[in-house]
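Given next, in structure tokens, is a single chain: the form predicted on its own.
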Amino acid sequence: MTGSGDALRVEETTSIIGYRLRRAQLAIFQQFLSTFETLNLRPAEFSVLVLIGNNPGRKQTEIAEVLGIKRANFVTLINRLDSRGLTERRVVPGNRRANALYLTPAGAGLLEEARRLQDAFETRCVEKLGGPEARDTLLDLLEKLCR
């Protein structure tokens, strides 16, 4: 057993890509939650609102698939947004089993405010990375890991 004065050896974990990605994700999510606390908005909810806002009338299965959210989890998420009066589901013409998603006026207003917060949040992140070129490099590298 080593003494409590010895430094914890972490280099074997900190040099692992997956470990670093997870730590970065946790840090970014915590900062996101702090930024969006006044709107009571989680990262997945923000993404759903953005996609619905940019694609009104799309089926909930399409939105869930793009975000990689399982159907049951997505229904729970949409139920939360519906209960807050931010989204609404309408039956897809010709397919009574499918729901099309729309923002309500309240949802559109919240999304507008959320986009302002996101822009400021993104600016802070880009500054931490060292500027737009570093951001673009990071996004390119992350995309390579997704292939």
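Start at 1 and count along the sequence shown; that's the residue number. Everything numeric here is computed off the predicted structure, so don't read it as measured data.
Below, we refer to the form predicted in complex with a further copy of the same chain, which is not included among the displayed structures.
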Quick one: of 92, 117, 108, 51, which gets a non-hydrogen atom within 4.5 angstroms of a further copy of the same chain in the predicted bound form?
51
Using a 4.5 Å heavy atom cut-off, state whether residue 58 contacts a further copy of the same chain in the predicted bound form.
yes
Taking a further copy of the same chain as it sits in the predicted bound form, is residue 62 near enough to touch it, meaning that at least one heavy atom pair lies within 4.5 angstroms?
yes
So in the predicted bound form, does any heavy atom of residue 27 sit within 4.5 Å of a further copy of the same chain?
yes
Since only the chain is shown here, I'm wondering whether residue 104 would be in contact with a further copy of the same chain in the predicted bound form (any heavy atom pair within 4.5 Å).
no
Judged by heavy atom distances of 4.5 Å or less, which residues of 16-30 approach a further copy of the same chain in the predicted bound form?
16, 17, 18, 19, 20, 21, 22, 23, 24, 25, 27, 28, 29
